[in-house]
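Just the one chain here, laid out as structure tokens, in the form predicted alone.
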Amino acid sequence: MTKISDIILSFFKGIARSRVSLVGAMITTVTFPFLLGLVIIDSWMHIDNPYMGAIIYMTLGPAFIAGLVMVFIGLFFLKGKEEVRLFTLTYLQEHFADDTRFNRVRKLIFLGVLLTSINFVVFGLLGYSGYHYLESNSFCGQFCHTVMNPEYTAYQNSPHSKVHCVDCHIGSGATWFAKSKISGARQLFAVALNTYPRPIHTPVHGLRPASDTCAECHRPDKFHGDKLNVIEKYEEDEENTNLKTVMLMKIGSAGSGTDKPHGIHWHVAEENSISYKADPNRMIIPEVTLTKADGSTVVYRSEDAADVIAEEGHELEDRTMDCIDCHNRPTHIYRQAATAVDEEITKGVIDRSIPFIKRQAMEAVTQKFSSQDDAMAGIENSLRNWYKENYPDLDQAKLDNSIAGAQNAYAKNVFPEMNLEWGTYVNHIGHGAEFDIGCFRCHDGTHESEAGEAISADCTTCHTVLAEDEEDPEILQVMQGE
């Protein structure tokens, strides 16, 4: 009768007779206690460090699995000159076919089931925790630190900072998860070989449709009414004069059971399907097609845009309009220099009482630097030296805070190591800067139908300006009951 000691002895002899099994056994033995302990700790207490997670799920885990595979390949296929008596397919087939012999190998079966069960538990923990690690914000934003630092910084300062990266970039379902990991493998090789682009290209074509991501939380058909928007900015004069622009944004609705589509969100209503033809970057749109609820279509064409396309030799792509065509940077938002400095003044970090602080902060943050570390030192030297020369009696505590505010404005928006400067990325919401044409890609007055109807370029289509660049707008006084 086969003893358990014989099984164990044969098992280890089999491993010893195969170099492949021996190496696999050594790898498995070394990695198993560390892997099991770290996986349990991560499942129970959660390890936040992305590099520790990489060690667990991208190094120890694959090494453990590879070791097991090597053990069994060596036992069954690379045994050397001598057969491993209890671990050959012939031996097992003979004993399974004979009831008498089968009773003799029950201990062998028990050992196999036990080892397999232990491995299944380890694989289950490894798979579950590894899946969540690969879906974590820390892995997405911090593992490739230099590459993703700009995007992760912008994400942390965005309205969607409480939403997981994968909820927008991948969404639910196995198909897009698999696509993202295949794409991620390519990106990891680019990082390892230092061939990644600087700055990272905006994923114009690689994002999942907004109906599968944005629409999981947002319901444009349930938006109603208008939104009051107050924009504050500061002049570059001695008093840092505060000017306000007050606008009523016609948010409108994509339609619901009791209301027709209207306002800005009319664009994404089911009753009004809009498609367009554009260059690969979706910046030049020579043709827009509106399909109405009754099935009729109206095609608007711009000869100016068509001429540009012809000159540049772009191949046009057809696309159905969705949220991302306007909200192309809902999370990774980079401010212009003036906007970033204004925000720090509005928050009170940059002290508005300091003479010319807006002007000097703008001069400091718009200099060219080779790295963020150089920028932090350069911004401080610029501001400190100027005020030391021109306002030697200035409160140093106020100046220190203001320097920190100017540095913060720069650090959140400019990353020289990635060639990401002020205004590198285009934002299609609105039309605030020369290159952020946004709405004017279509609403420029040049897109006309055969009947002579043009896509409106009237400002009041989307908003009503109640006050523009005023120090103390009367409309705000009225609204505040003053």
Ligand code: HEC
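Here the structure is a predicted model, which is why all the values come from computation and not from measurement. Throughout, we count residues from 1 along the sequence that is shown.
Absent from the display: the form predicted together with the ligand. The rest refers to it.
The single contact residue among 300, 369, 196, 356, judged by any heavy atom lying within 4.5 Å of the ligand in the predicted bound form, is 300. 200 is the sole member of 200, 126, 316, 404 with a non-hydrogen atom within 4.5 Å of the ligand in the predicted bound form. Stretch 262-270 is the contacting one of 262-270, 117-125, 379-387, 341-349, since its residues have non-hydrogen atoms within 4.5 Å of the ligand in the predicted bound form. Taking non-hydrogen atoms only, residue 442 approaches the ligand to within 4.5 angstroms in the predicted bound form.
None of the heavy atoms of residue 412 is located within 4.5 Å of the ligand in the predicted bound form. In the predicted bound form, the ligand sits within 4.5 Å of a heavy atom of residue 430. Shown alone here, residue 220 lies within 4.5 Å of the ligand in the predicted bound form, counting heavy atoms only. Of all the residues from 185-199, none has a non-hydrogen atom no more than 4.5 Å from the ligand in the predicted bound form.
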